[in-house]
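Form predicted on its own, single chain, as structure tokens, below.
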């Protein structure tokens, strides 16, 4: 293998040589953002030549060596530091001083999944995993208001936060939308969200929707004695309109903690995500990942993984991001992809596809860091009075084809209950309507918590029995 590597190194031209160091002494010394790409050359270059071209284009270089580079600019070169020919993998180290020192996630992604995805020298180029050093984490916001804060507000612990997406996706008036919210909350649900295209449509004016949702929430809270949360889509055509929507919600009289701001993070952009995080640190920032499949689907040879997207959402400060249903629901996904991504953003330390990521800002060998990791694994709230020690968690939000019958199977795959589930048709398709659908979801969760088989539990719970019968038939009909 060394002779093959030697041949590859000898094939490099003088420009490419500046972007390769297969003997980089200590990539984890804190100077670099580390990355792993699946790379297949697409032209005249071998894998190391193509990797060098990728490292150049994604840091300081271009297609030819230029006479304007300086001794200092060369220290900013990305470096290919490891290759795996059998698995077609390359590891690239990026000096993180390259990146906008304002903690700008958009700027990082412009480098590492920007122009390089269009290079003709590659037939496949997918960013599979990244690693952030403690010194780099210190430069970025991370989440402020977390699911732990939402749990305190709702007084909901040791189970998933039970949510829904209003369906039909679009077409309801403001009053009809609020009615669906009320029915779900009255049935025992915790959390309702706008769907990702909800905005200021003529049939559902945004201001009326906000007003009616506030009234519906107040009524449901009075009747159930339980707090509720609504996530409003504040994505907009421009900065001013986005902020106006946020302020409209705040000024509508909602109790702090009872509302979240949803942003379509990919289509609205990372600048919108980070603006919300910085302007509203006491609000749950809900990252919807509409359009992610263009980058993350495994059959697409170009792009980035769900894990990479989710890690950057945490770095940017999203309180939660949709992470998929691990193949249990209707969306494409596997446990290897979706659960690894979910664990990668909710734990202080977790194994990714290639890197073990510690989100501590102090050395992970420090006794206090070790203590925090252990507390986190035990599902205790951490970083409440020592936030300097690490970056707070980002909550997996789980949607896409789940229903009460599939709740326990998903929990079993996920391995914990620290997530928000947002079931759409899984609630609203119930034969008895949304309110009974919400009751069925609550009953399915109760069955899980009590360790009782869902079929057995349904014998004394009519709404759950109806849900089991309906979704069993619907699943069979869909085959």
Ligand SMILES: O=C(COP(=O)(O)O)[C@H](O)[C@H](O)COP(=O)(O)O
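Nothing here was measured: the structure is a model prediction, and the numbers come from that model. Positions refer to the first chain, counted from 1.
Below, we turn to the form predicted in complex with this ligand, even though it does not appear here.
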Out of 209-217, 98-106, 248-256, 396-404, where are the residues with a heavy atom within 4.5 Å of this ligand in the predicted bound form? 396-404
Is residue 422 close enough to touch this ligand in the predicted bound form, meaning at least one heavy atom pair within 4.5 Å? yes
Please check if residue 314 has a heavy atom lying within 4.5 Å of any heavy atom of this ligand in the predicted bound form. no
Is residue 143 one of the residues lying within 4.5 Å of this ligand in the predicted bound form, judged by heavy atom distances? no
Would you please decide whether residue 195 lies within 4.5 angstroms of this ligand in the predicted bound form, comparing each non-hydrogen atom pair? yes
Can you pick out, from 344, 320, 189, 324, the residue that has a heavy atom within 4.5 Å of this ligand in the predicted bound form? 324
Find the only residue in 277, 292, 230, 361 having a heavy atom within 4.5 Å of this ligand in the predicted bound form. 292
What are the residues of 345-361, in order along the chain, with a heavy atom within 4.5 Å of this ligand in the predicted bound form? none
